[in-house]
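Below you will find one chain, with nothing else, as structure tokens; this is the form predicted on its own, and questions on how it binds or moves follow later.
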């Protein structure tokens, strides 16, 4: 711990001692002792919690699933913390600021996946699984091929999401804290590796809890201050926004971001089914003691997340009202820092340096918590699904699994830092969409059909899941976000930015076709095992119990 603190202090002090102004200084030369104090307070608090958690992490169940001892309310708040990323807070507020009503489509899209999780996934997942969703997918199917497929989908989702978070985090912290980009990425990598290797799921859960409370508190304060400015009248806020925004009344109608129904439908499918296939979110259902607590987790998480997205909508429109025409926040007519900065500038307009310092520290906490959850999900896929299956041949050795998971965490941390630096100059916005698309196309179809469709076979799950995975990757590469924006071609081969409509459909059709035509003896045995699985998934008989902390 001492080494970690010294590293952070050295990186920070050296960065702030730079003589030449950096991008951050040029944009925000006043940020601020408040932000630094809150930043170090958060780091010290979470490091202390990690040390406490490390003393209570003694088994694989503790490391992967916090011993199953987290309550439904705590887990709901932690799930919300996992899900409310910096992209949600800064990105959706920025979308509303730029396009008005269409920003709400993204917010609703992120939210509507939760009823699917609540009604179809949470309880059976807790009853059937142990540490990862591959436990569920392979419950009555052949372990080796299904776990390899599930781990591949999980790792790809985690790495894509992680790259986007690291690049976004590096840029944001460079801007806000005047820290060199490479140092910012390194600080995040060191901290997330420490949280996960030392404290496992218990430390990661408490980091999520603290972050969620800070984020919800900060966003609530900003929304209330915005409403104070408009006399607590939504009519006044919307009317003023229409008057001052360059798009006028168009910001109150859809169509400024999504130009056609297929794009809107495809985005909705990616967000809805992708939510139900994100490995770091699914892992959280194994941290509670039973299916009832799993259901309560989703209930609380849906409430927190819905409330949060309402706040981002108010913050986005508040930014239109209070920032438009204020030269303090513009350079040559362009918003300082780019399209993701309206929430940060709004915090300064509402509460000066103290509130901006607090919101900046919250943004940092948000990034750190999300990347920690992602890293734990990735390392669990390597140790629990790949290592235990391929190296240990299914013979459980918890100490070796945990050790491999810790080593994998360090490796993922190094890879994340390296990729974060390599992709610094690249447009990585498509990676979040691609991560959701892969989760929706490869993970979700196999997971949901393994729980509810008797005729699913190993051959159908593997070929269908791989089809969804490859279709998503190929269509994204051939689409506008990579073919045009990254490769520089004039027009895309595949016309839509969001391919989930096609890749999810391809996965489901392939799984169905291959499964119903599979007449092998093993397929017949897998169909006959469905009834036993269904009883356990619906009743919880035989599910793992929780341990005490």
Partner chain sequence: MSHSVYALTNRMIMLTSQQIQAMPEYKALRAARRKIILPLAGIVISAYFFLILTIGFFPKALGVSFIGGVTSFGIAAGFGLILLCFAVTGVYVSYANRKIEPLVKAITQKAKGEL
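Remember, it's a predicted structure, so these values are computed and weren't measured experimentally. Numbering follows the first chain given and starts at 1.
The next section is about a form of this same protein that is not shown, the form predicted in complex with its partner chain.
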Quiz item: Picking from 275-283, 161-169, 294-302, 475-483, which part of the chain touches its partner chain in the predicted bound form when contact means heavy atoms within 4.5 Å?
Solution: 294-302
Quiz item: So, in the predicted bound form, is residue 355 in contact with its partner chain at a 4.5 angstroms heavy atom limit?
Solution: no
Quiz item: Does residue 118 make contact with its partner chain in the predicted bound form, using a 4.5 Å heavy atom cut-off?
Solution: yes
Quiz item: Would residue 239 count as a contact of its partner chain in the predicted bound form, using a 4.5 angstroms cut-off between non-hydrogen atoms?
Solution: yes
Quiz item: Does residue 140 reach its partner chain in the predicted bound form if we count a contact as any heavy atom within 4.5 Å?
Solution: yes
Quiz item: Of the residues 307, 73, 453, 232, which one places a heavy atom within 4.5 Å of its partner chain in the predicted bound form?
Solution: 307
Self-check item: 470, 390, 253, 244 - the one with a heavy atom within 4.5 Å of its partner chain in the predicted bound form
Solution: 253
Quiz item: For the spot marked by 45, 213 and 400, is every residue within 4.5 Å of its partner chain in the predicted bound form through some heavy atom?
Solution: no
Quiz prompt | Partner contacts for 95-117, taking its partner chain in the predicted bound form and a 4.5 Å heavy atom cut-off | solution = 101, 104, 105, 108, 109, 111, 112, 115, 116
